[in-house]
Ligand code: TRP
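A single chain, nothing else alongside it, follows as structure tokens in the form predicted on its own.
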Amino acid sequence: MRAPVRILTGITTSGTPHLGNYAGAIRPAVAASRQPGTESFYFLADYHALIKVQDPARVQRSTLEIAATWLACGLDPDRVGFYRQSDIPEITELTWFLTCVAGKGLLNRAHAYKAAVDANTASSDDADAGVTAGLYMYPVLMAADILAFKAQKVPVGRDQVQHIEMARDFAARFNHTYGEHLVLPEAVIEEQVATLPGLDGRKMSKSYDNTIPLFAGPAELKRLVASIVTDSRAPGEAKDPDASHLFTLYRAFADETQAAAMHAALRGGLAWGEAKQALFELLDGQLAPLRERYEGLMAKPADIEATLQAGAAKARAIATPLLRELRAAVGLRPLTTPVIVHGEGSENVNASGKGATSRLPTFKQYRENDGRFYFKLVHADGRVLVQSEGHASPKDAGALIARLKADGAALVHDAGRVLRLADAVVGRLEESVELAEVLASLAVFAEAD
């Protein structure tokens, strides 16, 4: 039976949840948690909150509000892992391991850091004025959030895709150095609502003070919807729905029939005031039941705390063994443990100083100057056994490596020493290498699984 796909996402505990958080992250994540063949983990990113919030009461209050929000929106803690980031010490340990392989040049290109530098430059300040190491290292901590649980799919807004690509880069660097331990994740975006506009048309964000709180009461919700910026076209004058922030919000919560009807109505001259009333009614109709559940949960913080502690235990059941494995991989292990070297031309020595027999085969992934991604299967004695074909992405190369580890016994080669696994061309046997040596090396991975 095929193993379930592991999905992970989270939200920073730095404020009150708003419509953008719901439509861009919480709603698709909750829907994904109900799909068959999935194993889902959702977390409250309270470490991330400390990057920009130094008000302890606000961090704590936001943690409670966001936990209640996810539960009110239908997250079932019996089906998923639902936990607080700071309850998982393995995350911070993995952050340091990744910090030691992360490229500074890549961190320099992170969106949040670049935005801060650009703002400082525009105001003639020092480029790094007000920039903390926490902000700079944010992508590494986010990578640890994901990699600690071997997540395969990560639902994110389009503006967060860069961070998933960075997580993949850090994981690949770690694997290249220490052997295949970390799973490279993929970003999952719900195209229509990955990023919602706020009241002023910019991305809905607490930073811009343009949000609509998810559980605002009816009167407040109506007032905020009425304040959404629109153009000056009068009632009866045709409007362009595709350029309208109001319609973008409407479409994020409407079904296809409702969205098509609103699109046609705006084209036909529907007044902005009437469109705003329709948006309010749509939102209030969907959010009122969630609001009632949310208020009940907020009245019972002890119950939410118990739910988070149970989720942390479930999460650590995965993270703790992985970090034990990673500590050994990087050399943080008892001095009586035989040395295991992943790489070519290295000599293994045990605690007594004598040669050890604990060498293991490994896969080495890399990118060539042609822009394509390759891997080698390296024997325990350092000899290269298999040289792969080039792949368009590290994901494709990693997928074939996973197949070789699981089904390598089915590997065959032709007269030209080209290796095939079912319908896939793997690569070529190196000179003087026999297929039996390759199969024996792949059997080590199968036994480990």
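Here the structure is a predicted model, which means the values were calculated and not measured. Note that the rigid core is defined as the largest set of C-alphas that superpose within 1.5 Å between two forms. For every residue, the number given is its place in the sequence shown, counted from 1.
There is another form of this protein, the form predicted together with tryptophan, and it is not shown here; the text below is about that form.
Colleague: Sort through Ala148, Met142, Leu377, Ala252 and report the residue having a heavy atom within 4.5 Å of tryptophan in the predicted complex.
Modeller: The option sitting close enough to the partner is Met142.
Colleague: With tryptophan left out of view, choose which of Gln160, Thr211, Gln365, Thr248 has a non-hydrogen atom within 4.5 angstroms of it in the predicted complex.
Modeller: Residue within 4.5 Å of the partner: Gln160.
Colleague: Can you check whether Val154 is within 4.5 Å of tryptophan in the predicted complex, heavy atom basis?
Modeller: Close contact exists here: in the predicted complex, Val154 approaches tryptophan to within 4.5 Å, heavy atoms only.
Colleague: Residue-level question: is Thr9 within 4.5 Å of tryptophan in the predicted complex, judged on heavy atoms?
Modeller: Residue-level check for Thr9: yes, a contact with tryptophan.
Colleague: Is Ala45 close to tryptophan in the predicted complex, meaning a heavy atom pair under 4.5 Å apart or at it?
Modeller: Ala45 belongs to the contact set for tryptophan.
Colleague: Examine Tyr138 and determine whether its closest non-hydrogen atom to tryptophan in the predicted complex is within 4.5 angstroms.
Modeller: Because a heavy atom of Tyr138 falls inside 4.5 Å of tryptophan in the predicted complex, the answer is yes.
Colleague: Only one of 37-45, 397-405, 420-428, 61-69 gets a heavy atom within 4.5 Å of tryptophan in the predicted complex; which is it?
Modeller: Contact criterion met by 37-45 only.
Colleague: Superposed on the rigid core, does the Cα of Asn21 end up 2 angstroms or more away between this form and the one not shown?
Modeller: It does, since the Asn21 C-alpha is displaced 2 Å or more between this form and the one not shown after the core fit.
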